[in-house]
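We begin with a single chain expressed as structure tokens, specifically the form predicted on its own.
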């Protein structure tokens, strides 16, 4: 399963890239709004840092299919080929997806709340579909199960489309989808940091260091022995 950062704050992105194996960055208009700077100033800064081999997912904001396609072309021109255009899975969005697919542009269907949206997006040629796991939970559905159902639909219909699960509140949701083999998850920085934050683990490491210090002396490591 690919792991992506669902954020646009460059310092957070740099910190996560320093420590963890991640595959790219996803953004949307609300995420860019939280940064409070000009969108392409932020996006170009992210692209420059993560490099051309990491994926970026950037949303078209036009309301018509034709406008979404124009947005897509401009986004790709500014950010490079390994950029996936996020298109909402609505009527105008499906029309835009068909055009993008014909023109060999990669796109991610976003705002997925139902398996049928994902099915239609896959038929339209989407590389990814992004179900909102926690938002589905908040509506009274099982968000993890919906993501699994979409994954199964793609497998049963031989689609090349992958699930890019989004909107998580805890690491257990991510673990469930990782065990199931979905294609990717995009996760906010605070949840990424929580993936390995565990007082039991930290205590075990502290015990190792304490015992080694008693054995060889303060401040020494294996290279000093």
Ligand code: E4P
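Numbering follows the first chain given and starts at 1. Being a predicted model, the structure only gives us computed values, none of them experimental.
A second form of this protein, the form predicted together with this ligand, is not displayed here; the remarks below concern that form.
Comparing 194 to 202, 164 to 172, 60 to 68, 39 to 47 against this ligand in the predicted complex, the single stretch with non-hydrogen atoms within 4.5 angstroms of it is 164 to 172. By the 4.5 Å heavy atom rule, the three marked residues 86, 110 and 132 all count as contacting this ligand in the predicted complex. In the predicted complex, 6, 28 are the residues of 1 to 29 with at least one heavy atom within 4.5 Å of this ligand, listed from first to last.
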